[in-house]
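Next comes just one chain, in structure tokens: the form predicted alone.
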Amino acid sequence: MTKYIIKRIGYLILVFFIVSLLMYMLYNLIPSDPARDQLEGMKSSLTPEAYQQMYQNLRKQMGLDDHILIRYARWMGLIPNMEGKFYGLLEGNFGYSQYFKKNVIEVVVSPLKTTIFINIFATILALGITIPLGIYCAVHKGGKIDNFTQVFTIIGYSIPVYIIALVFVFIFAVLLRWFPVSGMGTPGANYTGMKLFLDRLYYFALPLIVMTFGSLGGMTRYVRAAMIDALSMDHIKTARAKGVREKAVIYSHAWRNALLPVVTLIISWFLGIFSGSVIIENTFNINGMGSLYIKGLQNHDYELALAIQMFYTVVSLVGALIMDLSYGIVDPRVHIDK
């Protein structure tokens, strides 16, 4: 197991550097000039010669005239920067946000907490509904509830999440007025402690409902299919023939066999909603990583956008490792070290 984990981590590190290089080169293809952006507003107060001289000095100071591979190595922290220090991504320097006029690490702290909160909460809600519902539909295959669920999940699976968001806003916020349309808290309120948590939860309720509803279709159908396949195995028939209780057959025997593909789905889906929350956060005006990423792109703050993109890259790579290791944990018959 240890040898396998070390090998997988080595692969992930290699992929990380390849992806980071590609992303860095891609973002540098976008027409922008950090030096000119930094001097914005000073051009009118300087002569053209003085402005051009200051501009050239700043480009040299920022290392913008160097080869892109050298700039990448400096950004990553593999070689010293212009001051002779190793201070890049590997050393915890995620860049400087030109839009917010502060370090990127200071900008992303609060949005990161918000994104993690809503995604974990949505995951708990979705799993609490889809797993029992999928198991029930598999056990009662062909029943009225199963048929209704299949139609319902196909509709939910087919509709894009932004359409679901607009429909739910119209129904629950405009017509019924149960929830606010957008925002993260009551304007002007200075709540603390439990009141702050409940107020935040009230504003997050509708986005969480949309994220949960959007995930019900695919996850429920996947759990149902995995359980139907597990219930058709020979050892399940043998257990029933021996008189084993139906609950023990379903939850101790069938569910354990169905868990392997379901775990893969759960982990991949959980990682996917981090990127999927970009739409939700922008629709409901939530200050999360998704809305911050869009704001960075719109304001040409590419160091901020690149840092957020690398966050999603790391989440995906770590998730892939967890997914591989989960096979051996869920099913002891799977020897991942071979």
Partner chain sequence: MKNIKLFGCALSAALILAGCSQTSPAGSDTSSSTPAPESAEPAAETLNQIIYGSTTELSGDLGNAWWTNNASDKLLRSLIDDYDVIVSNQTGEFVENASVCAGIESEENEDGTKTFTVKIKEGLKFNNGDPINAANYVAYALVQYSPAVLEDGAKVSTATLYGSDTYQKGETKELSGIRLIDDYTYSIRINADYVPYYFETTYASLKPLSLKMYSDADLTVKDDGNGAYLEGGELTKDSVDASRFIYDGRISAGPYTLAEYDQAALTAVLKINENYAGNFEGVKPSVETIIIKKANQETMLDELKTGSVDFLSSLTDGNQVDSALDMVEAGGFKTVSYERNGYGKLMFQCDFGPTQFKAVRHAVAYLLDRNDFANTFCAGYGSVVDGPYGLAMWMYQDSKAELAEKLETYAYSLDDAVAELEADGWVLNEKGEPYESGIRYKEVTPEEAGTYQHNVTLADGRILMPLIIEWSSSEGNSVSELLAVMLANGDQTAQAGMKINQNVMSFSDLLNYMYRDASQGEQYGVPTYCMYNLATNFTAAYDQSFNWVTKASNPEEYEMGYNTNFTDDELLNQLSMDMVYSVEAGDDEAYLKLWVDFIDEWNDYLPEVPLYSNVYYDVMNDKIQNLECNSLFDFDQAVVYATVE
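Fair warning: this is a prediction, and the values are worked out from it, not measured in the lab. Numbering follows the first chain given and starts at 1. Rigid core here is just the name for the largest C-alpha set that superposes within 1.5 Å across the two forms.
Below, we refer to the form predicted together with its partner chain, which is not included among the displayed structures.
Between 138-146, 224-232, 84-92, 161-169, the stretch whose residues reach within 4.5 angstroms of its partner chain in the predicted complex through a non-hydrogen atom is 161-169. Looking at Met219, you'd find every heavy atom of it more than 4.5 angstroms from its partner chain in the predicted complex. Taking the partner from the other structure, its partner chain in the predicted complex has no heavy atom within 4.5 Å of any heavy atom of Tyr293. At the 4.5 Å threshold, heavy atoms of Tyr203 reach its partner chain in the predicted complex. When contacts are judged by a 4.5 Å heavy atom cut-off, Gln309 does not count as touching its partner chain in the predicted complex.
Contacts of stretch 178-217 with its partner chain in the predicted complex, defined by any heavy atom lying within 4.5 Å, are made by Trp178, Phe179, Val181, Ser182, Met184, Thr186, Pro187, Gly188, Ala189, Asn190, Tyr191, Lys195, Leu198, Asp199, Arg200, Leu201, Tyr202, Tyr203, Ala205, Leu208, listed in sequence order. Taking 2 Å as the criterion, Lys85 counts as shifted between the shown form and the other one: its C-alpha moves by at least this amount when the rigid core is aligned. Once both forms are overlaid on the rigid core, the distance between the two CA positions of Tyr302 between the shown form and the other one is under 2 angstroms.
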